[in-house]
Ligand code: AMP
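In the block that follows, a single chain appears as structure tokens, in the form predicted alone.
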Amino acid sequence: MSTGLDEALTRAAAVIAAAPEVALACHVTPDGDALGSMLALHLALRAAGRRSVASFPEPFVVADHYRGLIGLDTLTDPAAFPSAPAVMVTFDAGSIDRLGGLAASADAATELIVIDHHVSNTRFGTINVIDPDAAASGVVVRRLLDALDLPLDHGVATDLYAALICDTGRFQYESTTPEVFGLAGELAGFDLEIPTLSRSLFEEHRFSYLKLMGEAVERMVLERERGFVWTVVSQDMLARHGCTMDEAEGLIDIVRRTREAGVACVLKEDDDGTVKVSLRSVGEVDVCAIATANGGGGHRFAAGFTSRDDIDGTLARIRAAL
């Protein structure tokens, strides 16, 4: 860990330790790393008798496949989130706009601690604890718990393990390092229900989602000359199959399996007319550069952005970047 990162971690721990209450928030439509990281610190603080509030912006709905995380019942509706917290901590949010309706609270916070691992993070906090080399934000939270001298328990370990396996793709991605396996071994020692958690996170889907996935796969387009494969999830498709946008989050992991493509993309039409773009790279292309150029961010091999162009216009921008 670099000197600057170590200093930021120490400062963050000191501020949190001195705060009478800490307000925690992760990004809109949170994934397993965002939710798991936030809940882990939330539970650890509460177990130590500390006052902690945890939330994420509207739409305030947790995707069903995250039901195995511990502490979901302790989340606070964003409408009741402190409007001007003395200390606020964000998780896995690369920029303040990723906080949606809670961005105003972040702006008004006296101390804003940003915990993240995205290389594209805009460092919008007063204290930025950002490690682009970390496999997940959960890895950074584990270090913060040590700095705070807060112990692990079954719930905290479960949430950190979920964060870790979600952002390493069950230890498949390039971010999987010896440190990752060391942390996984430590967490597994807290009697985790690993088979049950893994099934709910990755392998169990509603029949209607599998039908949606089948249609999305049938609509896949392979542009061999670019090594680019893509598909679209439209509002019409979601309505016909009775699915939500959250359920389609994992579709990119199916599309990226295409052997002939180095870059995979899923374009999801949102109900506000925007297009949410998920990008994955399995080769030399840095998809974070593409996402950042379009107002998004992420990692070299996994990134995304929101486009106000239609599908054709958005695809044209991606092709130009490729």
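Only a predicted model underlies this, so the values are computations on that prediction, with no experimental measurement involved. Numbering starts at 1 and follows the sequence shown.
The same protein also exists as the form predicted together with ligand AMP; that form is not shown, yet it is the one meant from here on.
Item checked: residue 278, heavy atom within 4.5 angstroms of ligand AMP in the model of the complex -> Heavy-atom contact with ligand AMP at 4.5 Å: present for residue 278.
Note to self: Quick check on residue 24: any heavy atom within 4.5 Å of ligand AMP in the model of the complex?
What the structure shows: Residue 24: no, not in contact with ligand AMP in the model of the complex.
Next item on the list: Evaluate residue 303 for contact with ligand AMP in the model of the complex, applying a 4.5 angstroms cut-off between non-hydrogen atoms, and reply yes or no.
Entry: Judged by the heavy-atom cut-off of 4.5 Å, residue 303 is in contact with ligand AMP in the model of the complex.
Check: Would residue 142 count as touching ligand AMP in the model of the complex under a 4.5 Å heavy atom rule?
Finding: Contact check for residue 142: no, nothing within 4.5 Å of ligand AMP in the model of the complex.
Item checked: Segment assignment from 254 to 262, 53 to 61, 292 to 300, 37 to 45: heavy atom within 4.5 Å of ligand AMP in the model of the complex -> Of the options, only 292 to 300 has residues within 4.5 Å of the partner.
Check: in the model of the complex, which residues of 105 to 138 put a heavy atom within 4.5 Å of ligand AMP?
Finding: Counting only heavy atoms within 4.5 Å of ligand AMP in the model of the complex, the single contacting residue of 105 to 138 is 118.
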